[in-house]
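Presented as C-alpha cells, the chain that follows is alone, the form predicted alone.
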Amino acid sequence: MQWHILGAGAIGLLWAAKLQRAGHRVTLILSGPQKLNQYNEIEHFSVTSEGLTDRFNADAELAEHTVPIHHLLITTKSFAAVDAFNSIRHRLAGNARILLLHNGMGPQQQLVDENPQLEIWAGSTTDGAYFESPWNLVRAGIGDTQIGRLSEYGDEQFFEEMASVDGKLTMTTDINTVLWRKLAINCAINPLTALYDCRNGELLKYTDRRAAMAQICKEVDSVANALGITLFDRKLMEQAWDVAELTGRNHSSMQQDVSHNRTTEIETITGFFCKAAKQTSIPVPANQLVLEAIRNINEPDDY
C-alpha cells in the first residue's frame, strides 16, 4: 500500500517508520523546496528506540506533485492541517482515505463538513518522540493510539488494513470522546507550562500553579458534563495530575513553541474549548485568561 504523509515532524516520521516496517511504501510531502533539498541530500531519516537506530529511505516530494493520493496521513500542527490538506486536495483519488493525527480539535470537524464524500478518520496518540538533530528522531516512549471514523462515508476495512502497522493501535466507535479527553488534558497542562516556562511536572510543585490547573480542570469538567461528554471516571484534575507526574520531565509542545517563538496550537486547544463553552453559557474565566495570555505572546506571522 502507498501512503503519503503530510507533516514531517516527530509524529509524522515515527509513523513513516511504522508504515515502512509493516511493508508499506511511504512518500513524505514536504513543506517547500528548501526542506526537500535538505532531505534529498541524505535521502533518509533515522529513528532511535531503546538504543538501537534504524534508517528509513522514504521518498519525498512537494504538494504540487501530480501522483494521485489514495492513503493520506496528516500529522502537521493542528493550525496548519486544513491548509495542508487543501494544498493536496486536487491529488486525492475518489476512494482516498485520510487519517488525521494531531493535537486539538476543530480541523477534523471542518474537513469532514467540507468533504462529506471522503472517508476521514481521526486519532489520538500517546506516542512520544523528539528530534536529536534534523532527520534523526528519538522515540521517547511507546504509547497507545486510538483511531475512529469521523465521516459518514467508509467502513471498518481501513482499520483492518492498519492493524498490522502498530500492535498498540485500537479502533473506537466514539472518536469524539477520545479527542475530547486528549483536549481536556492539553487544556489542563499545555498553556500553563508555556506561561510558566516549565516542564510538565513543575506545575505540581507550586501552590499557585496547582490552583490555576485545578480551576481550568473544574471549568472543563463542567462544560463537558453540560455537553453530555464523559471525560474520565474521576475528576479531570486527578487525571491531569497523574499525566503531569508521569510526563514530569517532558516539555509540552506549547511550551516548546513559545520558547522558540513559534505559532502555538492554542486556538485548537483552549480556543476550541472556549467556543464550546459558549454553547452551554457556562463561564470559563480561567481558560479564557490563559487563551488571551498565549494570544498576546508575540508569534511569527509566517509559519
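The first residue of the sequence shown is number 1, and the count goes up from there. Small disclaimer: the values here were computed from a predicted structure and weren't measured.
One more form of this protein exists, namely the form predicted together with a small molecule; it is left out here, but the text below deals with it.
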Query raised in the report: Any chance all of 182, 185 and 189 sit within 4.5 Å of the small molecule in the predicted bound form, going by non-hydrogen atoms?
Result: yes
**Report entry** Stretch from 30-38, 230-238, 250-258, 62-70 whose residues place a heavy atom within 4.5 Å of the small molecule in the predicted bound form
**Finding:** 250-258
Query raised in the report: Hey, in the predicted bound form, does residue 243 get a heavy atom within 4.5 angstroms of the small molecule?
Result: yes
Query raised in the report: Going by a heavy atom distance of 4.5 Å, is residue 75 a contact of the small molecule in the predicted bound form?
Result: no
Query raised in the report: Does at least one non-hydrogen atom of residue 103 fall within 4.5 angstroms of the small molecule in the predicted bound form?
Result: yes
Query raised in the report: Taking 4.5 angstroms as the cut-off for heavy atoms, does residue 108 touch the small molecule in the predicted bound form?
Result: no
